Each structure stands twice: as structure tokens, then as C-alpha cells.
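Only one chain is given next, in C-alpha cells, and it is the form predicted alone.
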């Protein structure tokens, strides 16, 4: 039986692992389908303390993992947790077809990219529709081609700026008439001569299904309803995230968007189950806040176990 099982391996998960490992609880981390989480798809992290020149997202996650493993964290690289049962003690989890028992669980499953919800988007995914500029922007199919980014937050601005290294032009399509991004990101984006803003607009169709590759997008102006077409070789969608919490909903309270509701601190409504990171945080959603939440969840799990053994 495990003292602590941590589900997820982003900033929250590895920080929780570090703290519980240093408390000699020998935590087990289940990495999930994307070890290191979404931060591994970020080229440069400029706002994580301790890295004045910035740090590659993959490198940051690798360092966190090594630090946690140094103190005794064990890692299960199975794709995901398929099922949980928090109705009895010890808790039961199924991961990679294997049954696990745990005294405490820390949920740090993060969030996944939100989709536009278009049929053509799904049909052309990996054929020019993508959700990660860092992963795919340098592909030959996108070089010296017009590209489209959808969104208006920090992620969309970062994607658009990154793609200017490869694209002939980047169209940034946003539903509003101003960016939601932080001022520094917005100013950097608007000042880039290779980024062309498409304000008050939404994509209604991704073109190229018959050709089995993206050839353009249909864009609707939301104030005038006028439509036009933008020729492009790729569509990079950066419109937010959906929390990865589906398997927990029979037991754990979530809000209408699926984010886990904290019952004070890092606790959930189930004693012994704690939460950290973007699967619970829809306000800040930063690497550093996720790490802080991972620390809090670990300390609370340690105190919970100490009280049980008292």
C-alpha cells in the first residue's frame, strides 16, 4: 500500500513529490499521458523564479523530476489512471491495468487544450491544425507559409511570436477588440511586424478537408457578420484549457467547468484526497502557483497521515 500517490507530473505533481519524498513518505508519481505536463511544450519560461535568462519548459520539468527522485520519489510511466474509487479506504486506483492502494492521493492532473468545436478542426488535426507551436511550428509544412493563431491571452501571444521565426506572416484571430494577455506580452505581440491582428472575429471553418491538409480558414466578423477567407498552411489554437478531472467526478466536487473545488487549503471534499495545480486553479494558472499548490498539498497529506497514525 502506498502512503501517497500523486497523479500528474507537472509543476504541481513534482513539487508535491519533492516535499512528500523529503518527509520520507516514498511517494509514487503516475506521470499520465504527457510526462511533465503542458509546460514541456513551452520553449522558454521567463517568469519562473531563479532563472533570470529563462528556462526551457522541458528542461525545467526534467530538473524537477530529478530533484524529486533524488529524495526517493518513484515514477510510474503508465499512460494514465483509468479509474479511481475514493468511496472506501484505502483508496483504490487503476493505472496501466494495475490496481494500486493508497492512504492519500494528490490530484495534479492539470488541464488540456480547449478545442474550437468544429468538425473540420477535428478532421484536420495533425494535418495542419495543432495546439502547440513549440511542438510543431518548425515543421517543413509551416515554413515560409502564412499561419493562423486563435486566441487573445498570453498563450496565444506566445504562440504567435514564436511562429514568426518560421512563417511568412502570422494572423492572430481574436474574438475581442483588445488582447487579454499581460501587458508585456500584448505589447510585444502588437509591435511585431510579422503579426497581423484580426479583431472581433471567429473561425467558422478550417478549409482543406478534401485535400487532407489545411489550406485556409473561414473567418466571421462578430460585429458585422461579414465573412472572409484567410489562406494559410496551419492553424494553431490557443483558446484556453479544460481540466483533466473526468474520472474523479463521481467522488470529488467540481464546478460547472470541471475544476476541482477545494474544501479549504489543498483538501477536497474527500478526506485524504488533495488537489494541486491547474485542475483546480482557473484564476492564476501559472507554473509557480502550481508549484506552490503542490507544496501545500504535500504538507497537508503529510499532516493527514501523521494524524491517522497518532
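What you see is a predicted model, and the numbers here were worked out from it, not measured in a lab. Numbering follows the first chain given and starts at 1.
The next section is about a form of this same protein that is not shown, the form predicted together with a small molecule.
Asks: For a quick test of understanding: in the predicted bound form, does each of 116, 152 and 158 have a heavy atom within 4.5 Å of the small molecule?
Replies: Yes, the whole candidate spot contacts the small molecule.
Asks: Work out which of the listed stretches, 108-116, 223-231, 134-142, 93-101, brings a heavy atom within 4.5 angstroms of the small molecule in the predicted bound form.
Replies: Contact-bearing stretch, as computed: 108-116.
Asks: Find out whether any non-hydrogen atom of residue 47 is located within 4.5 angstroms of the small molecule in the predicted bound form, and reply yes or no.
Replies: Result yes; residue 47 sits at the interface with the small molecule in the predicted bound form.
Asks: In the predicted bound form, does residue 26 come within 4.5 Å of the small molecule, counting heavy atoms only?
Replies: Contact check for residue 26: no, nothing within 4.5 Å of the small molecule in the predicted bound form.
Asks: Even though the small molecule is not shown here, does residue 197 get within 4.5 Å of it in the predicted bound form, heavy atoms only?
Replies: Taking the distances in the predicted bound form, the answer for residue 197 is no, it never comes within 4.5 Å of the small molecule.
Asks: Spell out, yes or no, whether the shortest heavy atom distance between residue 239 and the small molecule in the predicted bound form is within 4.5 Å.
Replies: Yes, residue 239 lies within 4.5 Å of the small molecule in the predicted bound form.
Asks: Only one of 219, 84, 185, 129 gets a heavy atom within 4.5 Å of the small molecule in the predicted bound form. Which one?
Replies: Here the answer is residue option 185.
Asks: Could you tell me which one of 74, 176, 165, 89 places a heavy atom within 4.5 Å of the small molecule in the predicted bound form?
Replies: Result of the distance check: 176.
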